[in-house]
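We begin with a single chain expressed as structure tokens, specifically the form predicted on its own.
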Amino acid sequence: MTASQQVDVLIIGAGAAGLMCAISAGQRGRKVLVVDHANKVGKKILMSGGGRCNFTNMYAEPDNFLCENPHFFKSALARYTQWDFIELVGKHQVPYHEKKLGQLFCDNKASDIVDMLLSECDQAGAQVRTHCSIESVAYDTGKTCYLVKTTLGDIAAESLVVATGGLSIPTMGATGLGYELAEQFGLRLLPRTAGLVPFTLSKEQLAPFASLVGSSADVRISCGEQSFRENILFTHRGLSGPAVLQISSYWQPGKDISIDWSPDRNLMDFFQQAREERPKAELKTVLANLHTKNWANVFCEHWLNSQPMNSYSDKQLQALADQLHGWTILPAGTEGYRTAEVTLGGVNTDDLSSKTLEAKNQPGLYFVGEVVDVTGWLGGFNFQWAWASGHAAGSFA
């Protein structure tokens, strides 16, 4: 790449949002260049979904996203829907399947999605360069263009799109560059924290669960008004699994989480029936029908007093039922960005156009994807935001 290269659109970040933006801008006849400091493009795409990429969700709705301004993302999501991306996947004959709850995964491997995006970039005439770090960015008001110094030379661009991602999984190359650029050009940032992340527990809290490590259970987990019905997984460090990852985005330090260990069954009815039909059976034997014998033993040893069912009064049974329907625990914290799937917070959406993703105070500067304060639930929603926001900015940049 020659020094002082001139392009219409320079996109920093060759992830999901950056590549989609390049495709949209290139299809409009814009001269597009995408640069990334990593050694290959789409690293988070490649590792997502266990290497099969949960690329969208059939039931993507505004309710599946978190943002300080809950209306901001509706425009972009409405203009590039999950069905638009599914159509693109179909066009490239990438085989896929629904795993559960509308989650769509590649049948083969995540690289099918990256190959599809690069093919679309190629057809749209958008160039993609890796091993390219950003050294400085300046705006030339006279020429109304961005002057970007990179390790591959200087680039002048009419439009600059920041698609740098968040802080999650630093081993994949995550940096705070996008936030630095936002601040440089006067955009406000909201506090950033790890989202879709496992909880950690204290040593004392972990001790009772030692024999349950590696096992999972179907539960309803709640924090405040928000709840999710999914699996919970016991780990050496605390609690993980889809239910925990989902609720972690709504959790604040110092807050309890509540777990309903029997979301489908009224435990008072269940206990009364057991008392009638199996009066001499111990509580732990009856509870083994909910999850596992090991789980029942742990809970009876540490939180419940296991006695023969006929020794419990209705009041005692109701207390046991209430305890298991609303069992609470206070997480010590989370595993942080090291294992977090997303970064909550970021560029304040009040400073961006919901139609174009352009900065309101800075012409030709756009922010897309995870760097923006829009976070989806687990299950393909964050990729859908990447596709939608990238397409929105690419339609105008």
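Remember, predicted model here, so these are calculated numbers, not experimental data. One-based numbering along the sequence shown.
FYI, the form predicted in complex with ligand FDA isn't displayed, but the following is about it.
Taking the partner from elsewhere, Ala340 is found to have a heavy atom lying within 4.5 Å of ligand FDA in the model of the complex. Proximity of Gln323 to ligand FDA in the model of the complex: non-hydrogen atoms within 4.5 Å are absent; the residue sits far from the partner. Ligand FDA in the model of the complex comes within 4.5 Å of a heavy atom belonging to Ala386.
Contact check for Thr349: no non-hydrogen atom falls within 4.5 Å of ligand FDA in the model of the complex. Partner contacts here mean any heavy atom within 4.5 Å of ligand FDA in the model of the complex, and among 174-182, 274-282, 118-126, 240-248 they occur only in 174-182. Residues Gly15, Ala16, Ala17, Gly18 of 15-30 are found to place at least one heavy atom within 4.5 Å of ligand FDA in the model of the complex.
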